[in-house]
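Heads up, the chain below is alone and in the form predicted on its own; it's given as structure tokens.
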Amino acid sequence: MASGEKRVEIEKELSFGPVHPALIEPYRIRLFVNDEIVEDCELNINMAYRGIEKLFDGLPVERALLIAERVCGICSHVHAWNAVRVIEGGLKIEVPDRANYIRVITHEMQRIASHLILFGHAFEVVGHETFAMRSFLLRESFMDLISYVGGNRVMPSVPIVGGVRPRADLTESLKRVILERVDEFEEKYKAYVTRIIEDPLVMSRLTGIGFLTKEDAIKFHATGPTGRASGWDYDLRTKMDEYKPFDFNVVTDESCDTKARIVVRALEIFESLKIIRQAVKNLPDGPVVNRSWKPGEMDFTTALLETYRGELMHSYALDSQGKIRNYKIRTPTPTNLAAMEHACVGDHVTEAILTIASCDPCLTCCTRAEVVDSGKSFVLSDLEIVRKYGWRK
């Protein structure tokens, strides 16, 4: 404890997990409480370490990139897309415009599906099973569309180096189906959001808890909708070349509480619908893949992508035989963990799980990393990982 810092006596520690009915993934929450008010919070991950980065090492690039999609079942497309963006940037491989549009369409479809999973989980925590089940039902429209584009609901495997798989090219009939489904979904989704806003019980549970100010969001490296719900106007999509053809708004909220984090994601779905419509209606003609490239030596290269929970980093090098070396992945959750812990402090203990859920953590795909130095090994804390491997390029 630093000199002059106030010492807080903790009355009780409440520990949940790593296996608990309130948690959808294996991790441990330690809440330090006085008179049922949270004085401090600690999230322990590393319960499901898979060593997936090591699996990439030494594999030919196109074979290895199939593994990237398996990092997460909810964000499969973004890992596959960002993995190919690394080599496309490092070897200056040109991607056809039509392929970029199809990548964006799939990306926004999966963003909608991911946000609807969060609503389902959050309303389960609130105890409103009807809203939770309706969210999962709405999500089915986009799981079907992802399957129509890529051939699989969970692992669509749309991006490849230089473009997209030919099977993912959009026919005229599929374009009509996408536009019809988007219109149908939007009508039902508006009714769903209206019903939530008009429910006083649900809104009272979400409002005024889990405060994270803009200054704290930046201090603790919050990213994505978690940062934007604290009034931080930053979305990496505004800086990505792939998104330059599209008109959309960056959704922010100054409320800085749990309700704001739900509202930001709810409004982002409307922006995703807007992007999908623009991409389908203005889909350029031409090829969907550029095969005029050869794997070769590539310096350590990094690609950043705005995914559904925030900023995603993939980074690796290629040796002279075109095989992958030193693959590193940093998902958005490690950058949000410290912000989640801070947002719980000062609230009643019963609100902590809901506050953490509102930040949309995805823990099994962020578990890492162990450092071995002169025979001694130690595991980095979440904040140390961010500081060592970087929060922003």
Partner chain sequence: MENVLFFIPGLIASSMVAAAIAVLYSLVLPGIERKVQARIQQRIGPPILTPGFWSVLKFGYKKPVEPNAQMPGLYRSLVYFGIGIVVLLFLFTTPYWWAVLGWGSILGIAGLLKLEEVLYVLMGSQSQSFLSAGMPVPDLAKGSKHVEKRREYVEQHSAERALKMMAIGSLPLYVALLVPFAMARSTMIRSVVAMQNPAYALSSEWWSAALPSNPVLFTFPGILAAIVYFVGYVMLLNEKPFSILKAKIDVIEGGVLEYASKLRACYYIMRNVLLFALSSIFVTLFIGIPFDPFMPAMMLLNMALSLLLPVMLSVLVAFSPILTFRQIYPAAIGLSAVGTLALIISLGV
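A quick note: this is a predicted structure, and the numbers were derived from the prediction, not measured. Positions refer to the first chain, counted from 1.
The same protein also exists as the form predicted in complex with the partner chain; that form is not shown, yet it is the one meant from here on.
In the model of the complex, the partner chain lies farther than 4.5 Å from every heavy atom of Ser320. The closest heavy atom approach of Arg228 to the partner chain in the model of the complex falls outside 4.5 Å. Among residues of the shown chain, Thr207 is one whose heavy atoms approach the partner chain to within 4.5 Å in the model of the complex.
Residue contact with the partner chain in the model of the complex: Arg28 places a heavy atom within 4.5 Å of it. With the partner omitted from this view, the residue of Met133, Leu179, Val250, Ile218 that lies near the partner chain in the model of the complex is Met133 [heavy atom within 4.5 Å]. Note on contacts: among Arg195, Arg167, Lys244, Lys281, the single residue with a heavy atom within 4.5 Å of the partner chain in the model of the complex is Arg195.
You can rule out all but one of 284-292, 86-94, 234-242, 125-133: in the model of the complex, only 125-133 has residues with a heavy atom within 4.5 Å of the partner chain.
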